[in-house]
Structure formats: C-alpha cells, structure tokens
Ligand code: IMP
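Take a look at this single chain, the form predicted on its own, given in structure tokens.
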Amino acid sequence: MIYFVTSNKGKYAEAQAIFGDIVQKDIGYAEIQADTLEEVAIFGMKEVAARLPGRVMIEDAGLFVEALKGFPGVYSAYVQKTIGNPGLLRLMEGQENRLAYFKSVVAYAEPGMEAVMFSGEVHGQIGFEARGSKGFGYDPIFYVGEVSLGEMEIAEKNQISHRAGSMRALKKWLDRR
C-alpha cells in the first residue's frame, strides 16, 4: 500500500485509476517557492517521509505557457486559486502562440531509501474558451487537438496526461523491483 499525500481529490482519482491500491492522506506539507517542480517535490517529500512512515508519494504539477515565458509554471496552483481560468484566458488575449504543456513530477520514498522522482508531460495549447466540466484546474482551457482535458473522462485523460505519465513511470519502476 502506498500513501498518496494530496488534498486534491482530482489528482487522487487519476492516481487511483492507475495504482488502484493507494490511500489518500491529506496531511499537508510545506511547498517551497522554487524554480523547478523537482525542487518543490523533493523538499516536500523530505517532510512527508519524516512524518508518515511507510511508502509515500507526492505529486507536483505545473502548466507552462510558451507565450507567457513558462508562466504560471511552478506557481500554477496559486494562479489557479487567485485568477483562475478566466484570468489566464485574459492574459492570453491577443496571443497567437497558444502552445503550452503540463508537467508532472512524482516523488516516492519508503523507509531506508532516498526519494526517487518520475516525470511526465503532455503538450497542447491554451484554448480560446473553457470547455467541459470533467477534470479540475486548468483542464477546461488546455486542449490536446480539438478537445480540452475538461471534456475527457478519467480513462481517456489517463491515456495522455502528464500525471498519468509520471505515475505510470513510478508504477513500472515499482513493478520491476
């Protein structure tokens, strides 16, 4: 059994669809201001592993928009909470280049071992409008082809998503041990 430390029910649902036997733990941990998702994840994992004995994982993700020079990036959760999708769409007004990607980093640790990390990405573009009520966060404005992630069921999203990529890499690593 693995403890997935997150307060985000959407992240947990996506992870559970891949792992099946994980348990959500909403214990909170410090998220530092850093330049990379990897730095945020490894810092958080040190705290989580010290507080929660056993097999633990955390995940950090960001939306990186090319026209905004990678913003919101590591600040994606904060930007989502403060200006949300309407604010990001306003920032994109008049932008021809709408290319963007999501990146996910999963950190995993168990007693007696150093944390390991796995990452995944999905490339697409920022749409001109929000579409779909599935998923969470930026999903309704992030399009892969003509479809937003907010229009996809979890099974369909997990075929292509950044989070599914990082979590599948962890699962493959665990299965080989």
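Keep in mind it's a predicted model, so treat the numbers as computed, not measured. One-based numbering along the sequence shown.
We do not show the form predicted together with the named molecule, though everything after this point is about it.
- Looking at 110-118, 56-64, 43-51, 126-134, the stretch with residues near the named molecule in the model of the complex, meaning non-hydrogen atoms within 4.5 angstroms, turns out to be 56-64.
- Mapping the unseen interface onto this chain, residue 138 counts among the residues with a heavy atom inside 4.5 Å of the named molecule in the model of the complex.
- Contact check for residue 168: no non-hydrogen atom falls within 4.5 Å of the named molecule in the model of the complex.
- Taking the partner from elsewhere, residue 89 is found to have every heavy atom lying beyond 4.5 Å of the named molecule in the model of the complex.
- In the model of the complex, the named molecule lies within 4.5 Å of some heavy atom of residue 31.
- Using a 4.5 Å cut-off on any heavy atom, the residues of 152-173 that reach the named molecule in the model of the complex are, in sequence order, 157, 162, 163.
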